[in-house]
Structure formats: structure tokens, C-alpha cells
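Just the one chain here, laid out as C-alpha cells, in the form predicted alone.
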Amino acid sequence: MTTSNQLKATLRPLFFGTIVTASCLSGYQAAALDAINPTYSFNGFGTLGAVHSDEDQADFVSSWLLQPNGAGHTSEWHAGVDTKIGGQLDIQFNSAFSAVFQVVVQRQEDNAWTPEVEWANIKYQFNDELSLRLGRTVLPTFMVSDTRLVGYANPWIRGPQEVYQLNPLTNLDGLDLTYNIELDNGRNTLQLNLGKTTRDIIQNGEIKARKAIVISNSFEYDFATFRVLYLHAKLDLSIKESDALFDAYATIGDGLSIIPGQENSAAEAKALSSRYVIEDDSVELYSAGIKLEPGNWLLMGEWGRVSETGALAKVQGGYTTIAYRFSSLMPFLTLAEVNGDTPNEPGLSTTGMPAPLASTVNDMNQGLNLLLRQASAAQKSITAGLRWDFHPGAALKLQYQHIDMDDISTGRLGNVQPGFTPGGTANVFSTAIDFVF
């Protein structure tokens, strides 16, 4: 669907839906609608980046589900991992009604640089405390979800992958209800999101989250911010190679069922064909975060956990970042870790099978375990970086990351090759210029 069609499909029912909803909840809508006098503002943001990795049997990517390749195996240096540009149009119709439309251009799962509608929603502000948005809004999974794509607003080049890759989805089509309470030296924000979202992923795949319910609360007091979130959704995940693998187990199961003595293997093959499929499965995500900014210091940490869903094992991760601002310079250090419960999957037994079939099944078993290892990442990393605000609205960032992967894990790397050895290390150097305009 083109960007124009996406916008029309998203906004056409939403404008009228917002008017109807607001009319039911407020007694002064008619006067508000008569006073519409739109004002417009436009803001842009972008990142020009380059990444180097010394791992030649896999690629360092921003997300193993969203980028088909990156730095390492594909090329020692890669400019497409972090580079992006985006623009946001804000429309204020009157004191109550407003709208936002954000488009981002970044490298997609098919290696194309296709513009994508990130946000497209209409907002109604009932009063100082309560507001309603309808349309495509941010999926507020983590502390910097609102600015996840705006590198200039964040200390690092990218959010620590140990946490921010727990959920590759960034927006939600549906309803966003927000309630703010102003306190002495503080504010509390309670937010409810309902909706669904679909995202194309690598290998002609697709991920869908339906019937999503997201409840989050942020409490700000003086220099401290505390945040918690709960998400529940029905999940569908399809990847071309994994779907083909599961279909192959089903086909082998059908074939083995007619061979005397292979009844048990046939049953196990059919069980494997569906054991790790993700289709209409429930998934839950919990996250919590804290940010402290006393004086020139920045201390920030987050934790998240995702429940087991098919091939996606239960995974939890966390990080801590400490930084200090020296005028235009800000050095920072981040410690992060993610752990997944990788299943011990022996695969389909080849006992009694003809040699050619046994060889095929062994290859399938290896492919299945590679999929499971990549879906349940386990790694530790330490990142040292420096941010230099060399010009108003522009910052140069340099960071070095040392990654130590678990013995049976591919970590957060993507495009993993057959020659990759789990349990190794990778050293990644990144540089970027983040800017806003």
C-alpha cells in the first residue's frame, strides 16, 4: 500500500470517529467545532551512520527481524544499520482538536528505502487531564518509545538492543487514552492503548499483533522518572524459511506414516511441524524503567520480559546507562544483558531411515536449532560512547560495543551463516550524526 493510500485508509474513518466520540463525552463540542482555525508546524529528524563489526559469519543489525543484513559478514562497514530521515506534520485545528502525521524513510526488511507512515492520528483534548487519540500512534513499550527513531533525543546511537529488540513493533493502529495528573514538582501519566499492528519482516515474512491491550504509567518527580508497562496481544509470525521448514517436517511425517516401523517418527515429525508455529498465540510483555537526571548526571535503566510464544522463547533483558555532561560533550557507559530460555530440541530421530533421508532430516534439525537459538537471544555487552553537540540541532556520536554471546546463542546478530560458532564475541564500532530541523 502506498503512503498516500495508507494515510487515506487510516484517517478517513478516524476524523469522524473522533468527532462522534468527543461529542458523546463533552457538552461544548458544537462551539469547539465552529471555532476551527488550523495552524501547521513541521519538524524533521535524521541520522547519518556507519557501523563496523569484526564478526564475519553474521551481521550486526538494528533488529534481526527487520534488517536482512548489516555490518560484519555482508560488509565490514555498513551505512544502512542506523541511517534514516523522518518528518512530522502537526496540525492544531483549535484548542481541542489536533492531528499528527509522521513519515520515516529507513532501510526496510527487503533492503529498500521505502517511506513508511509511522504515526497518523487525530487527538481530542477533553480537558487538561484527559485526551483521546485515534489512528496510528506510538506503541509505548519502553521509556524512549516516543523518540526511539529520533536519535538526537537519546544519549546513544540506538537503544540498547538487549531490551529494545524485545519488541520490534513501534506503532499501533487503534485507540490511545491518556490521563495526566499534575502534582507539586511532578506529574503522573496513565495511558491505555487498544488496537492492532502489522509489520513486514525479513524473508518475505510478516508479524501481526492483534487485540493488543497496553497499560502504562509514568511518574515524574523533580529529576526522576519511573515507568511501568504491561502488554497483551494475539501474535502471528510468519518467516519464509521457517514456514518451509515446518512444512517439510509435516511432509516427512506423512511419508513416514506409511513406512512400517516408522510410526513413532512420523508422529514426532508432525508434532515438530506445529510445535514452534506462532499463529493466534497469546504473548505478554512487561517492562519497567527509571531515569534520574540530577545536575549534569544521567542515570537510566530498563528491564523487560517477553513470555514464551512458539519458537520465541521466554526472554528477559535489562541495561544501565550512566553519563555526564561536560558542556557540549557527554561520555556514557552502558552495561546490558539479555537471556532467553533456548529449548533443548533434539529434532527428529533418523534411526532406521534411509541414508539420503537421514541426511536431509539432519540438515532440517540443524536449521530448526539455529532458528530457536536466534529467537531466544542471550548475550552481554558493554558499550562506551561519546556524544558531542557540535552545532545547534546536531550531535556527533561515537561508540564502541563489546558483545559476549552465550554458548548456544547467536545473540542479537542477524544474517547468521552456517559457519557461525555460538558463544563467541563481537566488537562493534559505530559512528553517527543525529540531527533535527
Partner chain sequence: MNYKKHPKRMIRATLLAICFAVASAHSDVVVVVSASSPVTELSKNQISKIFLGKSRRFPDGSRAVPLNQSEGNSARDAFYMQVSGKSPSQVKAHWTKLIFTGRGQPPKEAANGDAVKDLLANNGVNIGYIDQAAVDDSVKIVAIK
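Please read all numbers here as calculations on a predicted model, not as lab measurements. Residue numbers count along the first chain shown, from 1.
Only in words, not in the display: the form predicted together with the partner chain, which the text now covers.
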property: Residue among 90, 116, 243, 337 with a heavy atom within 4.5 Å of the partner chain in the predicted bound form; result: 90
property: The single option of 280, 146, 206, 284 touching the partner chain in the predicted bound form, heavy atom within 4.5 Å; result: 146
property: Whether 45, 125 and 128 all lie within 4.5 angstroms of the partner chain in the predicted bound form by heavy atom; result: yes
property: Residue 152 within 4.5 Å of the partner chain in the predicted bound form, heavy atoms; result: yes
property: 4.5 Å heavy atom contact, residue 133 to the partner chain in the predicted bound form; result: yes
property: Residue contact check: residue 254 to the partner chain in the predicted bound form, 4.5 Å heavy atom; result: no
property: The partner chain contact in the predicted bound form: residue 38, any heavy atom under 4.5 Å; result: no
property: Which of 108-116, 207-215, 152-160, 344-352 sits within 4.5 Å of the partner chain in the predicted bound form, heavy atom basis; result: 152-160
property: Partner contacts for 255-292, taking the partner chain in the predicted bound form and a 4.5 Å heavy atom cut-off; result: 291
